[in-house]
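Single chain ahead, by itself, as structure tokens, in the form predicted on its own.
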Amino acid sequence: MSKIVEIAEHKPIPLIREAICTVRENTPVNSQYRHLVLDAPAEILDCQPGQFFHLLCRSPSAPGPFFRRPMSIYGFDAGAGTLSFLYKVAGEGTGVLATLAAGDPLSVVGPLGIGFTIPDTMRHPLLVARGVGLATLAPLALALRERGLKATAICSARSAEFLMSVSLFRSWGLEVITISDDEGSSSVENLREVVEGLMTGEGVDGVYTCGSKRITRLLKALCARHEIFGEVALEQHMACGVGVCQACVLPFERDGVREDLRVCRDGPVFNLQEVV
């Protein structure tokens, strides 16, 4: 049974919901990443690609409590009643998540934040992600397929072992280009050549990215040069996830004015040209 707690703020924003979900599976993808699938109530499955949930890192067999961890949505299916995340086991909190077994309860808050924009005029979007950023772009890739758009994905990782979502993207009809450190193909110089080739040759008219600051800097410059729309989903440490604690504030530039914005509430998706 799922428990829904609604938290209303003074500003006219959608209600923030906490739900007690049930773990369906929590399985390894490779030596560092795991795939967590939850049975979730319909009330929290009205999601947008690029949004995230705040997961309570607590297990019946582990100490705690820990701060919640922000996790970008890897998949959601209102019809099946499922919500999924692809996460890296990097510390104590995610280590506790990794101990969850089928049938265990898990508290999640969300969906939170502002998701990706898909302009009506877009015809050929490009997705570029590295590491766990590939999880963030998965719901977007599905949304692009459902709109019948031709899309290309560049997937980057340290090695072939960590190139996740490649088969998933291909099953959705995306053209996938893989680059990795161990093959020597993931350098900024090589990526610039690949991206510019797509922009000038394939007619790419939109760019989405997540997971790497150096890739973000490169794509910001290329989108500005070619006058192409671009968005980035940023990753940042958070405490509350709802805009109260100010722990995730970063500088941005909008209309020539420097602003400090909250990644959790004003993002996590931002226009590429606003990122400082």
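Counting begins at 1, following the sequence as shown. Computed from a predicted structure; not experimentally measured.
The discussion below concerns the form predicted together with a small molecule, not included here.
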Let me know the one among 82, 185, 94, 117 whose heavy atoms come within 4.5 Å of the small molecule in the predicted complex, would you?
94
Taking the small molecule in the predicted complex as the reference, which of 234, 37, 56, 219 has a non-hydrogen atom within 4.5 Å?
234
Does every residue of 69, 87 and 268 put a non-hydrogen atom within 4.5 angstroms of the small molecule in the predicted complex?
yes
Per-stretch contact check against the small molecule in the predicted complex, the hit in 119-127, 140-148, 69-77, 190-198 (non-hydrogen atom, 4.5 angstroms)
69-77
Using heavy atoms and a 4.5 Å limit, would one call residue 135 a contact residue for the small molecule in the predicted complex?
yes
Heavy atom to heavy atom, is residue 208 within 4.5 Å of the small molecule in the predicted complex?
no
Residue contact check: residue 44 to the small molecule in the predicted complex, 4.5 Å heavy atom
no
Tell me, yes or no, whether residue 215 is in contact with the small molecule in the predicted complex, where a contact means a heavy atom of each within 4.5 Å.
no
